[in-house]
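As structure tokens, one chain now follows by itself in the form predicted on its own.
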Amino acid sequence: MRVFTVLLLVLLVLVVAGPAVAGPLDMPGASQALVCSACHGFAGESRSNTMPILAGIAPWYFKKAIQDYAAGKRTSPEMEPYAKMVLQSGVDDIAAYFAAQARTASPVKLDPAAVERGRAAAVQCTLCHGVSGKGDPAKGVPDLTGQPPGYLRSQMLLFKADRRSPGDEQLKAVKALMRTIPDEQLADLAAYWSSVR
């Protein structure tokens, strides 16, 4: 009788409590995205100066980057095998998962003087990325804002040297622009765009 009473109480508690609250890994794409956590942080919240933040990333841009890495168009010996894995695991679900995550500011400390110098130099970036730096999905232009400055600077250097997506006609204009900017100014631009929320 005692066991029956305990079981009845447990059942009653379960019925009254309702369905279990969904946890952070219950969203579609979450378990597949765990492999990305090693470099990009849990839920895509990179704490690194050199690793991009994936939280809040536009799904179209995430998918393009993954497809380019997987095809070797955007060369990275580290990313290529992971990109192929993401394509096999369900790129749409993983892209939606990262897009749904709230982006927090990069923890990298910024030099206020570099941010101010970058603000003045950033006018040339606004032609494509917009005054806010949020990009233009219709034209395939991504959001620059809030990314770690080290990551932004490294990407600008890769564009400048034509080592990021060589031969991609869509990137011809940005690569030409990067070649006109002195290397020391790239750090200022990176600091500014990292500071923008």
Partner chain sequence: MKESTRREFLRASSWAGLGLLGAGCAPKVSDFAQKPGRRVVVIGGGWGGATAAKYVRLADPSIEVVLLEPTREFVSCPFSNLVLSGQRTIENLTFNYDGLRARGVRVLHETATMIEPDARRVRVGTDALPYDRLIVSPGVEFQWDQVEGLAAAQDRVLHAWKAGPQTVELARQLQAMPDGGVFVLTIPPAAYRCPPGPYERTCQVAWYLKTNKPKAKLIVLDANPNIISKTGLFRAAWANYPNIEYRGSNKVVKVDPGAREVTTELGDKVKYDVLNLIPPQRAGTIAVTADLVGADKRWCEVNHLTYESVKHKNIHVIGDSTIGLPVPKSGNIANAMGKICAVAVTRLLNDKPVPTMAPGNTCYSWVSDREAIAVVNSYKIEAGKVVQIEQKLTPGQSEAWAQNAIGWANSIWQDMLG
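Positions refer to the first chain, counted from 1. For clarity, every value in this text was computed on a predicted model and none was experimentally measured.
As for the form predicted together with its partner chain, it is not shown, yet the points below apply to it.
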query: G146, G135, G56, G150 - the one with a heavy atom within 4.5 Å of its partner chain in the predicted complex; finding: G150
query: Contact segment among 167 to 175, 135 to 143, 46 to 54, 59 to 67, judged by heavy atoms lying within 4.5 Å of its partner chain in the predicted complex; finding: 46 to 54
query: Distance check, E80 to its partner chain in the predicted complex, heavy atom within 4.5 Å; finding: yes
query: Non-hydrogen atom contact V35 with its partner chain in the predicted complex at 4.5 angstroms; finding: yes
query: Partner contact for K73 in the predicted complex: its partner chain, 4.5 angstroms, heavy atom; finding: no
query: Partner contact for R119 in the predicted complex: its partner chain, 4.5 angstroms, heavy atom; finding: no
